[in-house]
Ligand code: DGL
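To begin, one chain is listed below as structure tokens, in the form predicted alone.
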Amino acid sequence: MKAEGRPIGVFDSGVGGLSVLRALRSRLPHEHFIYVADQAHVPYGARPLEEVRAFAVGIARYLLTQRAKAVVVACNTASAAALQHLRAMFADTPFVGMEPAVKPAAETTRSGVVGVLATPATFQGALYASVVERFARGTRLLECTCEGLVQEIEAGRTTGLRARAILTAALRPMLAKGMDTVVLGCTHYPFAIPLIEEIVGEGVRVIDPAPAIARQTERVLAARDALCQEDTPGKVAFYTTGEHPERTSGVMSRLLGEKVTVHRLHWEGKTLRPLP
């Protein structure tokens, strides 16, 4: 099969990576995608980086068995834990990962105060430290892990009372310190952008990194002459490692605004397989 006809693999710990998939489909409407939600292990954010790396390798191996021509690590935690490892391990396959959008925030902030919402593993990773060192000197970064928000979004409760309480507790103190820009360092969080914008008001910029990831994926595929040349809409196959694919189908359908059918994969040790 020619590279341009093969799918792009996309994975996350859960439904958060759909924010990236949404941007990818908007940018590359003719491409085919395979989306894997590792809900057997969600959330990744509080897990040791070594454990997350093992999950990422297993998912990448599965996507490559499905002839993926590129893999988008649509998870900040997995990118921090495994992106460089995946690129070294599967050198023939391009991997595109998430990088906290600290650079554009630091370049555009007027007050010099930027809020960063991310998971503990993302904050602890070398990738985040490198971005801060390179691009955020002279910028005051206010960090918050928004504990519990991933679980709310996994349940489809993007505007519920619990999500509102978590985000209010995170953002109000940042506003009081002069924050004028918010970086979303977890792919789940863009689904709460309407609520975030309601809390912070019109004077605060909210940065969703997903469009930049879609542009980078397009550049990577174009450089390999691997962009799909078809003129029909691409298709998406959705999978979860969780025990309730019908429940995940409902949540994904609500988040994407279209009917989604999710199929089940299961872990056998460190290997990801379809159910018989």
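These numbers were taken from a predicted model, which means no experiment stands behind them. Heads up: residue numbers just count along the shown sequence, starting at 1.
This protein has a second form, the form predicted together with D-glutamic acid (DGL), left out of what is shown; the following refers to that one.
Which one of these stretches, 199-207, 130-138, 159-167, 73-81, sits within 4.5 Å of D-glutamic acid (DGL) in the model of the complex when only heavy atoms are counted?
This holds for exactly one stretch, 73-81.
Pick from 213, 42, 60, 36: which has a non-hydrogen atom within 4.5 Å of D-glutamic acid (DGL) in the model of the complex?
For this set of options, the contacting one is 42.
Check residue 122 for me: does it contact D-glutamic acid (DGL) in the model of the complex (non-hydrogen atoms, 4.5 angstroms)?
Because a heavy atom of residue 122 falls inside 4.5 Å of D-glutamic acid (DGL) in the model of the complex, the answer is yes.
According to a 4.5 angstroms non-hydrogen atom cut-off, is residue 182 in contact with D-glutamic acid (DGL) in the model of the complex?
Flag for residue 182 set to no.
Does residue 150 make contact with D-glutamic acid (DGL) in the model of the complex, using a 4.5 Å heavy atom cut-off?
Although D-glutamic acid (DGL) is absent here, residue 150 would touch it in the model of the complex, with heavy atoms inside 4.5 Å.
Is residue 114 close enough to touch D-glutamic acid (DGL) in the model of the complex, meaning at least one heavy atom pair within 4.5 Å?
Taking the distances in the model of the complex, the answer for residue 114 is no, it never comes within 4.5 Å of D-glutamic acid (DGL).
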